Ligand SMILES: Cc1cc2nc3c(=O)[nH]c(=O)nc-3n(C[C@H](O)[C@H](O)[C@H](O)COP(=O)(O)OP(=O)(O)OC[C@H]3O[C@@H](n4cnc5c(N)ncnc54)[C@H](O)[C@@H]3O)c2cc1C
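Below you will find one chain, with nothing else, as structure tokens; this is the form predicted alone, and questions on how it binds or moves follow later.
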């Protein structure tokens, strides 16, 4: 198990910001991960768990404690006799590599989640989703180390309390320090080349199908990767628009009266909660007067070091020399502007460590 002191955390996050860790360890196996977590807890040391760093914004001061980077890898597919299978993934396995592997092995179900950065173990925490799909639709179980009970526990799908970009795992995490450290995740797959139903209008149009219809799963992956790349949502070292945490704000869920007060063309989406409506954060941001690339012009607040993406208004990007505070300056301006224009407060999607919006 690799151990370092004063490790710069910016190198471990897709936003490329964050100060040093007092103590840094890389755990390459499940046993190493549990040992490292137990040692930090027994020493009373603050603990931050990092996976792919794609949904994480760490302060410029860094983290005064132990930072454990999950680097366990491994995939195992077990077929059933009914045309289905279960994929078991180690927490540290790269997510998009996992999706590509399922398709190459002749299984479908995860194709709409192609191109999302990060690791398999983070997906149930955030209920990661895109293009009308999220992992709550396919996860069957999660094994985790319970730091309170000091034991390995297993969650069935129903135990995880999934919501929009939310779960029991996320709700029990404080400042990057989780009660439950994910060890493995199991996903239900279908055997064959046909995708899950296409649930997102933009993706359906790209594929030439109606919403609810299926397509070839490999075609779905190709179009999702193309659409994400066009929005700067596929990591590319040559493109500063991809130096971000992805979408910085979640789509707000509001009561029907609040939604009714918006202009008629404001997008509205149904949710499971009675009397509630989901709105488009991107629409609110752009209609509050924030353009693509806000932050690049003189006087926008960060000297051009940080800005909204030049491809869409949901990502706050590091243009190459930004600090965590620079990214927060842009995010705060946007959140305040939307609240002033519409009376709706946007909330961050990434985990903010030792900093706040």
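Small disclaimer: the values here were computed from a predicted structure and weren't measured. Residue numbers count along the first chain shown, from 1.
Omitted from view is the form predicted together with this ligand, to which the following refers.
*Asks:* I need to confirm a contact call. Of 178, 240, 132, 161, which residue comes within 4.5 Å of this ligand in the model of the complex, counting heavy atoms only?
*Replies:* Flagged contact: 178.
*Asks:* Which of 198, 254, 99, 233 has a heavy atom within 4.5 Å of this ligand in the model of the complex?
*Replies:* Of the candidates 198, 254, 99, 233, 233 is the one lying within 4.5 Å of this ligand in the model of the complex.
*Asks:* If contact means any heavy atom within 4.5 Å, which of 152 to 160, 73 to 81, 119 to 127, 254 to 262 contacts this ligand in the model of the complex?
*Replies:* Every other range fails; the passing one is 119 to 127.
*Asks:* Find out whether any non-hydrogen atom of residue 54 is located within 4.5 angstroms of this ligand in the model of the complex, and reply yes or no.
*Replies:* Heavy-atom contact with this ligand at 4.5 Å: present for residue 54.
*Asks:* Heavy atoms within 4.5 Å of this ligand in the model of the complex: does residue 91 have any?
*Replies:* Contact with this ligand, yes.
*Asks:* In the model of the complex, does residue 328 have a heavy atom within 4.5 Å of this ligand?
*Replies:* Result no; residue 328 lies far from this ligand in the model of the complex.
*Asks:* I'd like to check something about residue 50: if you look in the model of the complex, is any of its heavy atoms closer than or equal to 4.5 Å to a heavy atom of this ligand?
*Replies:* Residue 50: contacts this ligand in the model of the complex.
*Asks:* Quick one: which residues from 341 to 356 get a non-hydrogen atom within 4.5 Å of this ligand in the model of the complex?
*Replies:* In sequence order, 349, 351 come within 4.5 Å of the partner.
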